[in-house]
Each structure stands twice: as structure tokens, then as C-alpha cells.
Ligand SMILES: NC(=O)c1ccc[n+]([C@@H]2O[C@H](COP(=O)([O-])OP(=O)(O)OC[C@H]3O[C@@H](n4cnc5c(N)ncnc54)[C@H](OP(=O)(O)O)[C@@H]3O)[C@@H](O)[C@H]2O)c1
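Just one chain is shown here, as C-alpha cells, and it is the form predicted alone.
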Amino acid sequence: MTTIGIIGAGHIGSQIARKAVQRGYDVVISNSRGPETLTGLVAELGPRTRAATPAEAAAAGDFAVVTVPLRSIGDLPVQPLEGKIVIDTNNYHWERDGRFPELDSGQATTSGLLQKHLPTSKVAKGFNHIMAKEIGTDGAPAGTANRRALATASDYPEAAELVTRFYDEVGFDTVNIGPLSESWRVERDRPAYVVRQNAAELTENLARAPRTI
């Protein structure tokens, strides 16, 4: 069975873990405070889940989900994620993370910064433009009319394909933006950010996104 290593056990990480367990995945979940702080969540999610350190979660996962504040990506383990697909949920909250001039100027993207930190991994954008609680409530079976769509982007086709499969399993259609250099289209404060939209609507919102805010 496929194991997902989740680095970051906040609202988004916890919701992704819940959906993954429901779909039959094994989950190794971590946070910055230590496995002992995740006892309640692990008990809730059941025997398919265990808590670990970020490095252990990275090593255990067949692929990984990184859902930590942007300011903390420099602390992520590199070697345990070598060769693996890493789904990045990040958004730029300068009020929390401090200013990143390369993001303010439109010269970089949040997922591009993670890819730079993880040069031997295959980063894909995912789950960044949906409210955490809606990950667990808005999914629907494939073929459902007006099914909600989420975006992905990656420099690696196989990474975008994995996100597409995972989205479908947990109840969402996918719109592939293209490479990470285009992932700004779904970042914070753009038209596609945290609104419910089907694939056609998402495609339209991506197209009209401004490069800088």
C-alpha cells in the first residue's frame, strides 16, 4: 500500500491525512513540535497513521505533502525526499512569513522556491487554493455535474499526474496550469484562490489572474 509522508500537521495537513486514510493510504505525519504532540490526531485517524519527525515522514513516504509556513521551507529535510514527488500546499502570507522580494516582484513562485530548496525532488503545487475544511466536505465522485476542480503545476509531468490521480481519489477534478513558473496563477489573492469552481470556471480564473498583486 502507498504511504504518504506529511510534513506539517496543521489544518491542511490533517485534512489531507483524513482523506488519504479514507482512501486506503498509509500516512506518516509530522510537525515541528514532535511526534508526541500528535497523539490525539493519530488516535482519531486510526492504525493506518503514525506520527514521526519530519525527516522520518519524508523517508517513509512514497510521496510527500509539505504544508508548512513559507518561512520554514529552509528547514525541510532534503536527502530523505530525494527522487520523490512532493506536493506543496504553500501560500505567501507576508504578514506571517516576512517579505520575500522575489515573490513581491513576480520573479518567483512559492512552489518554485520549494523546488529550489529540494533540487533532487519533483515538486507539484496542490491543495493551496481551497479552505482546509472544504478538503473534507467538497469532494464528489468522478463525473458528478459541477464537480469542484483544483489546480496543479509542476516541472515534472509525472508529479502533475500523481496530483491529478490523488485529487480524483479524494473527490476533485484537476486543471493543470503547466510548469511551476505559472503556479502564481493560483496563489493567494488571485481570482482562483479559495473559491468554489468547476474545471471550466477554474480555467477562466487562471487565465485572468494578474502576475503581481
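Sequential numbering from 1, following the sequence displayed. This structure is a prediction, so every number in the text was calculated from the model and none was measured.
Although it is not shown, the form predicted in complex with the named molecule is what the next lines describe.
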query: Contact stretch among 69-77, 138-146, 101-109, 116-124 - heavy atom within 4.5 Å of the named molecule in the predicted complex; finding: 69-77
query: Partner contact for R33 in the predicted complex: the named molecule, 4.5 angstroms, heavy atom; finding: yes
query: Heavy atom of P54 within 4.5 Å of the named molecule in the predicted complex; finding: yes
query: Close approach of A192 to the named molecule in the predicted complex, 4.5 Å, heavy atom; finding: no
query: 4.5 Å heavy atom contact, H11 to the named molecule in the predicted complex; finding: yes
query: Within 81-106, the residues that have a heavy atom no more than 4.5 Å from the named molecule in the predicted complex; finding: T89, N90, N91, H93, R96
